[in-house]
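In the block that follows, a single chain appears as structure tokens, in the form predicted alone.
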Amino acid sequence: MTNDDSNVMETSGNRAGWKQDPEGVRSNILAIALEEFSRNGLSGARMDEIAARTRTSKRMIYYYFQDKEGLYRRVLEEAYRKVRRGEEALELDHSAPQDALRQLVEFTFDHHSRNPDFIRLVMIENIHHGEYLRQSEVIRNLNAAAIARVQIIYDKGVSDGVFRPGLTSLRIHWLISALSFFNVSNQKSFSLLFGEDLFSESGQTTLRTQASETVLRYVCKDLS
């Protein structure tokens, strides 16, 4: 078989995959692109490398996402959509306010720990001064929903007399994010300076509990 024959077969296989499972192909592209962008940044990532690792061709990536910036923006949107879907799946409306808030903190801590590519991607977007976040109405809506979710929990806790009044859902969300984000974003530098204890399995379990207790002590009347 010649190289030309091999290329034809590969192209045909890619085309068949695109026609039979376009959503799967798009998901595959986004997953690979997340890895590439989180490791190399927007400027350092290469479309050829992304295409080489996916189930499709570079031409089809451009068909789906127009250009590298369009792909990067969609990767950002999908990364935020994933964390918000996870929050929705908790079904916190059915829990007592303290339990709901604890579940939300622990979910966020776990999600960030298990998805370091998401943390690196957000750090890269900050290097770009939030330029691509600013362009995305999808991300704004997703994060508005996240704040609204915290607000529902908080309002219920105030109404039940267990949360202290005068706080804002945005500040509560910030505290949850800060504790969970730093744990991943600064892991390498922190462990090199102070040792690996906090990042062992037992250390992470303890930090997870302490993160939820910190947020609850900030919000609850009896724990403040």
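One rule holds for the numbers: they count along the sequence shown, beginning at 1. Values in this document were obtained by computation on a predicted structure and should not be read as measured data.
Another form, the form predicted together with a further copy of the same chain, is not on view; read the next lines as being about it.
This chain is displayed alone, yet in the predicted bound form one of Leu71, Ala100, Ala79, Val122 has a heavy atom within 4.5 Å of a further copy of the same chain; that residue is Val122. The contact residue chosen from Arg134, Arg85, His94, Arg114 relative to a further copy of the same chain in the predicted bound form is Arg134, the criterion being a non-hydrogen atom within 4.5 angstroms. For a further copy of the same chain in the predicted bound form, the listed stretch (22-30, 152-160, 53-61, 40-48) containing residues with heavy atoms inside 4.5 Å is 40-48. The closest non-hydrogen atom of Leu179 lies within 4.5 Å of a further copy of the same chain in the predicted bound form. a further copy of the same chain is not drawn, but in the predicted bound form it has no heavy atom within 4.5 Å of Ala89. Using a 4.5 angstroms limit between non-hydrogen atoms, Gln66 is distant from a further copy of the same chain in the predicted bound form.
Contact annotation: Leu104 falls outside 4.5 Å of a further copy of the same chain in the predicted bound form, judged by heavy atom distances. Contact annotation for 205-219: residues with any non-hydrogen atom within 4.5 angstroms of a further copy of the same chain in the predicted bound form are Thr206, Leu207, Gln210, Glu213, Thr214, Arg217, Tyr218, listed in sequence order.
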